[in-house]
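Starting off, we have a lone chain in the form predicted on its own, written out as structure tokens.
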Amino acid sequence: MTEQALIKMSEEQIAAALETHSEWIELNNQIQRTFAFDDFITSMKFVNAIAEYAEQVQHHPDMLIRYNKVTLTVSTHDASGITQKDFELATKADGLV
């Protein structure tokens, strides 16, 4: 990971990044997406895969689990906002679906 990944992004940079992450939204200085699955077991497999990735990169999203729906909310606390690191996690999450 580069130092650039930890620098708070401008609103313009966030807007550009959200164009390539169309399922994600900006909300309260964080990015968020809700994923829907066929059932609870599949939701939990996704959560476990995200947890493993988050531990590897030491960047942990907030996760809300509602039966077959999982909402990920992420920002970089050290930067007090959204960074490239958050979009790297978004890309990984999107790729797991």
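Throughout, we count residues from 1 along the sequence that is shown. Remember, predicted model here, so these are calculated numbers, not experimental data.
The protein also exists as the form predicted in complex with another copy of the chain; that form is not presented, and the subsequent description refers to it.
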(request) Using the partner position in the predicted bound form, report whether Ala36 sits within 4.5 Å of another copy of the chain, counting heavy atoms only. (result) no
(request) Give a yes or no for Val57: in the predicted bound form, does one of its heavy atoms lie within 4.5 Å of a heavy atom belonging to another copy of the chain? (result) no
(request) Examine Glu26 and determine whether its closest non-hydrogen atom to another copy of the chain in the predicted bound form is within 4.5 angstroms. (result) no
(request) Between 63-82 and another copy of the chain in the predicted bound form, list the residues on our side with a heavy atom within 4.5 Å. (result) Met63, Leu64, Ile65, Arg66, Tyr67
